[in-house]
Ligand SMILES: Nc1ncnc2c1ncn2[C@@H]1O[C@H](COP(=O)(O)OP(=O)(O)OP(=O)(O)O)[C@@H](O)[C@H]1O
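In the block that follows, a single chain appears as structure tokens, in the form predicted alone.
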């Protein structure tokens, strides 16, 4: 089990992490989901020991990773969001270099590198220089370089950022296979669909605080309403206060978003609007989803 306890980290005046704690059982995919700048990468850099926390501890199988860094680096593989590859080398040369850094011998390093390159779909590109690779190919190469030493725990920091759908599917399948082999995966993303597709357990982080943790179904049950109702209204100018009391109302566009306990309550909302002469131009009903959970916990405002 990986156990993260009360991590705190500041960058000058900005407190990036404010006591983040969670546990990850072996052999699952645990995902940190959050907006850009929420604290996901900082958490991963600490767990990988690239950063030291101001406060807090991290344990793997009961051992403090900061007191056993050399041991932990053999157990853990880290795939950063930024590509950590050499464009003037071939894909095979990149992998062999990384394998040798982890202590694999020349023949073993090549054998393992060729195996992983073929497995990730780069068989025809092993001897091509990386500068000729597409963005998706580079992402796949970056991924396997982080696990060339066969780690037990793999940290993936937004490994599908900026790539095409086909490459995403290939990477998803590869990651699922790793879990079947007993690997423990920690994964960061800000993409809700990715979280729903992959994660066994989701942690939602925002402004350096872990807001909630659990399976997707559990989070929906606890934090999402049964129904999200979105309405576009006319003839509502005299009823701004009333509409604002119902939910999230934009007087300029005439859009009203509100949470209702169940679909059976929608008729009552429509009756209230009709009684005031408010016209419903369009209505969209959305069931409970991870998107609703995410917005309820992190807010709806865009943040840089």
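Numbering follows the first chain given and starts at 1. The shown structure was predicted, so the numbers you read here are calculated from the model rather than taken from an experiment.
The form predicted in complex with the named molecule exists for this protein as well; it is not shown, and the discussion that follows is about that form.
* Picking from 28-36, 59-67, 244-252, 271-279, which part of the chain touches the named molecule in the predicted complex when contact means heavy atoms within 4.5 Å? -> Correct option: 28-36.
* Asked: Judged by heavy atoms and a 4.5 Å cut-off, are 16, 42 and 158 together in contact with the named molecule in the predicted complex?
  -> Spot residues vs the named molecule: full contact, yes.
* Since exactly one of 142, 81, 167, 90 fits, which has a heavy atom within 4.5 Å of the named molecule in the predicted complex? -> Checked against the cut-off, the match is 81.
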